[in-house]
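What follows is a single chain, given as structure tokens, in the form predicted alone.
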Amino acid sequence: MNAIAEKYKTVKIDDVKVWFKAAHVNDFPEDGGACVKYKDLQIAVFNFKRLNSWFACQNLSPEKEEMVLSRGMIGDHKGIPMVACPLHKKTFSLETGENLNGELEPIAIYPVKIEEENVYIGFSE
């Protein structure tokens, strides 16, 4: 794992210490993603409109080490919300970060909440 990838760690809801206000809900495409920056992290945020859910994960592709996951296609794999990397088409669960192809380490995921039409991402620091 490279130094950039080591910065990304999954945050569980109980470990959230900071709710970062990312943007207004209308700043994100429906059934798509966008990237936001928190400190030195790039975070992919997905408005999964057809599931009425929001998800956030690292924007870093673990295989190609490029900041591209926010541009990936979202869908579901056997009922699991997922994102497919636009570079190598590997898929990752947006709920757990697990690589659904079973070939790569999981990606970091972050809790998301919506308050007063704003999107907040949870971080542990």
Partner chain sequence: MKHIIVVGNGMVGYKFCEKFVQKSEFKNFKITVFGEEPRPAYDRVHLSEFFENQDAKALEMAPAEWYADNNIDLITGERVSDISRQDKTIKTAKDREFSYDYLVLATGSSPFVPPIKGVEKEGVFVYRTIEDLEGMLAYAAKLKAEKPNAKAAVLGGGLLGLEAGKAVMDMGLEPHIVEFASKLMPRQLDLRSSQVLQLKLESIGLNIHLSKATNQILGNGSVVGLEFGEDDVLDVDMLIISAGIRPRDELGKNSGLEVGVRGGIVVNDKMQTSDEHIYAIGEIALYNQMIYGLVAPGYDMAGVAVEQIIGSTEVVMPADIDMSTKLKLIGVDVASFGEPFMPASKGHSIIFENKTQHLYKRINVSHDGKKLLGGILVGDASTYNMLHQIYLNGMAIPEDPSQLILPASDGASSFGDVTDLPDEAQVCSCESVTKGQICSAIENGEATDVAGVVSCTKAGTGCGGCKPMVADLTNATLKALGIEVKEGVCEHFELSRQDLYKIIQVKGYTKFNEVLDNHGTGGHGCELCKPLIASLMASINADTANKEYAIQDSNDRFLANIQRNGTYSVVPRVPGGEITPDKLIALGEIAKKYDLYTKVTGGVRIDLFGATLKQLPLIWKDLISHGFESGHAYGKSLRTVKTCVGSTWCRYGMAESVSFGIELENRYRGIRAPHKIKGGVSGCIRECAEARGKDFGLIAVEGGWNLYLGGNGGATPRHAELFAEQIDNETVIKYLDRYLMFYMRTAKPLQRTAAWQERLEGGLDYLKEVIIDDKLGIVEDLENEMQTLVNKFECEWTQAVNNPEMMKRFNHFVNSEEEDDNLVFVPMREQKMPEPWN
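Residue numbers count along the first chain shown, from 1. Note that the structure is predicted; figures quoted are calculated from it, not measured.
A second form of this protein, the form predicted together with the partner chain, is not displayed here; the remarks below concern that form.
- Put simply, Glu95 is far from the partner chain in the predicted bound form: not one heavy atom of it is within 4.5 Å.
- Among residues of the shown chain, Ala22 is one whose heavy atoms approach the partner chain to within 4.5 Å in the predicted bound form.
- With a 4.5 Å cutoff on heavy atoms, Phe28 counts as touching the partner chain in the predicted bound form.
- Using a 4.5 Å cutoff between non-hydrogen atoms, Gly72 counts as a contact of the partner chain in the predicted bound form.
- Contact residues in stretch 83 to 104 (any heavy atom within 4.5 Å of the partner chain, taken in the predicted bound form) are Ala84, Pro86, Leu87, His88, Lys89, Lys90, Thr91, Glu103.
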